[in-house]
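Okay, so we've got a single protein chain in two different forms coming up as structure tokens, structure 1 first and structure 2 after it.
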Structure 1
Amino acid sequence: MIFYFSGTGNSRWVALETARLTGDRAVFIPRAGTICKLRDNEPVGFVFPIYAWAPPACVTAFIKSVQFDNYQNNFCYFIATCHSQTGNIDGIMKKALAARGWQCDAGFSVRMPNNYLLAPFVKTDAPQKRNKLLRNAQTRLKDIAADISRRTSKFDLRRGSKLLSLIAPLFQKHMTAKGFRVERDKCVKCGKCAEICPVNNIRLTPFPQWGSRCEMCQACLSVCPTAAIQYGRYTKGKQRYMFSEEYLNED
């Protein structure tokens, strides 16, 4: 059973592809129940995007609270989608799973197009690079699925520098919904931002208002058809990113 979280669609595609290639099923974490019945010998997978070299908060919260029915030391793995580096994601996941008495048998990272826009000089990938990353990911997922099917215990990650663990908390501290705002003259009140939010954190009044349980997934920012949503000082004028299967067939 694959549990996944995704804001702009990369990790959703990775989870669904992995499910297809391994003959498994995928469940979106915000819609998963608290009790999940596992089949005999079914692998348990977690698929999610890397946020400041860590998993999204809802993924760690889910690991803390989910109850597995029929858990018999099932093979357990994670796949972290990232743009460049995962930091100490295996350390974090091993610790979170060990706290529940579960072993983390394998961990993989998959490079995907960038969706992060909140810092200066950071932007989404140009179409050619974006499409190339997705095609490479498609090939990589076949290898990962083979490892999962063989129950191979391995950690194959783009960790980057060990120093990332030191700066990660500084970034995480600033990741709050407080930075979101809407440019009212651009907002057409379509409601797409509220509709896509995976944790129902947006209220329309009729302009969007952000609550406090934001995952920082960027879905609202990316889905807005008029780019009316900004975050802090650095998102204005930048191209947004949202996964599309069509990119896999483009040059």
Structure 2
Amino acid sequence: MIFYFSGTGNSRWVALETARLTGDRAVFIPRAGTICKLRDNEPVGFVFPIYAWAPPACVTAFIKSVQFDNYQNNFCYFIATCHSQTGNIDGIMKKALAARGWQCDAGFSVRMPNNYLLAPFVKTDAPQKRNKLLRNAQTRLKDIAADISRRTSKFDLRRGSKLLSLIAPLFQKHMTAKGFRVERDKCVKCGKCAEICPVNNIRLTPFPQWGSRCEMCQACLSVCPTAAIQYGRYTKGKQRYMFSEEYLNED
């Protein structure tokens, strides 16, 4: 069983593609529930994006709370999607799983197009680079799926410096939904931001308003058809990104 979290679609596609290649099933973490029944010898996978060189908060919260029915030392792995580096993600995941008495047998990273817009001088990839990254990811997932099917214990990651993961607590503390704002002259009140929010943190009144459960996935910002949603000072004028399988076939 593959448990995944995704905002703009990168990790969702990776989870679904991995499930297809391995004959497994993929479950969206916000809808997974707290008790999950495993099949005999079924691998347990976690797929998620890297946020400040760590998993999204909801992923670690899920690991702390989920109960596995029929767990018998099943092969356990993770796949982290990132644009550059993963930091100490293997250390973080090993610790989180060990706290539940589960062994982390393998970990992989898959490089995907950039969707992070909240920092200066950071923008989404040009179409040619974006499409190339996705085609490379498609090839890489075939190799990862083969390792999972063989129950290969390995950690194949774009780590960079493990010290980068020390930034994660600061990110989770200070990067909150308070930074979102709406340019009301552009907002068409379509509700797409509320519909796509993976944790149901947005309501229309009639303009979008954010609650306190934000995962900073940027799905709302990226899906807005008029780019009316901004965050802080650095998102205005930047091209947004949402995953589309059509990119896999573009030049």
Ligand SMILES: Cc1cc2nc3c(=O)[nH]c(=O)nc-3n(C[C@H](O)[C@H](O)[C@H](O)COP(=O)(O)O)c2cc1C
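Shifts are known only where both forms have a C-alpha. Residue numbering: sequential along structure 1, first residue numbered 1. Just so we're clear, the structure is a prediction, and the values are computed from it rather than from any experiment. The term rigid core refers to the most C-alpha atoms you can superpose between the two forms while keeping them within 1.5 Å.
Checklist entry - Is the form predicted alone shown as structure 1 or as structure 2? => result Looking at both copies of the chain, structure 2 is the one that matches the description.
Checklist entry - Can you list the runs of 3 or more residues whose CA atoms move by 2 Å or more between structures 1 and 2, with the rigid core superposed? => result After superposition, only residues 165-174 shift as a run.
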